[in-house]
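As structure tokens, one chain now follows by itself in the form predicted alone.
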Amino acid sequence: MPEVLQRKAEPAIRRPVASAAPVTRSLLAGWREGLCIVNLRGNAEDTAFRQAVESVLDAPLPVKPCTTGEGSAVRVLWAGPDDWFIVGPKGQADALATRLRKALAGQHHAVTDVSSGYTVLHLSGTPARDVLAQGCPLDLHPRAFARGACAGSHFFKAGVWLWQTDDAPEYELLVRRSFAGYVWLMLERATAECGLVTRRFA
């Protein structure tokens, strides 16, 4: 169950306290700790490369800029013409990286487990778009940034990779672990009026 959040420093150690803002109007936010995050590099114009990757991921490899591919277990984020982030279930990074390297053997590629360096912040609720807009210069209007879109940007002074997972709206941000405390602090400040509710993920 979501809990209303305390406004203090470290996100992982904060304890919830009551907020005057109605929960239904508050931003729901939580860290999705421990997810598998793998960086993939390769030639998107090479059919063999795409087929090998997609056979492992069971998801389309996005080749259109600023889009995502979604499978039953993973989400693939376009990060550049030859660069992707793969976000998957907890504890699967080693297995996924091994399967990708095996499938891409003999091809020019790079597969790197970056799970320890990043974490994922999930945001949802009515004010999600407006709260993000306070610190992110992207045009987040549904006409410009809808479900399936992703982009590299920043949230206040922290670099993030952002994607939309639902029209509700719901967003997720790939955040360097060393900036997680700063991002949470700025999130608290940006939700002073609407309220912030912690969402805890198993």
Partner chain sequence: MLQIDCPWCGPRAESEFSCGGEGGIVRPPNSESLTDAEWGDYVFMRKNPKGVHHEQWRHASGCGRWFNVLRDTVSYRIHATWRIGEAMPDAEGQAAASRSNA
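In this text the structure is predicted, and so the values were computed from the model without any measurement. Positions refer to the first chain, counted from 1.
One more form of this protein, predicted together with the partner chain, exists but is not displayed; see below.
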Check, residue by residue, if Trp31, Arg129 and Glu170 all come within 4.5 Å of the partner chain in the predicted bound form, counting heavy atoms only.
no
What is the one choice in Pro142, Pro60, Pro65, Gly148 with a heavy atom within 4.5 Å of the partner chain in the predicted bound form?
Pro65
Give me the residue from Thr165, Ser26, Ser153, Asn39 that has a heavy atom within 4.5 Å of the partner chain in the predicted bound form.
Ser153
Which single stretch, out of 91 to 99, 104 to 112, 121 to 129, 78 to 86, brings residue heavy atoms within 4.5 Å of the partner chain in the predicted bound form?
78 to 86
Should Trp161 be classed as touching the partner chain in the predicted bound form when contacts are defined as heavy atoms within 4.5 Å?
yes
Does Leu138 reach the partner chain in the predicted bound form, with heavy atoms at most 4.5 Å apart?
yes
Residue by residue through 171 to 202, tell me which have a non-hydrogen atom within 4.5 angstroms of the partner chain in the predicted bound form.
none
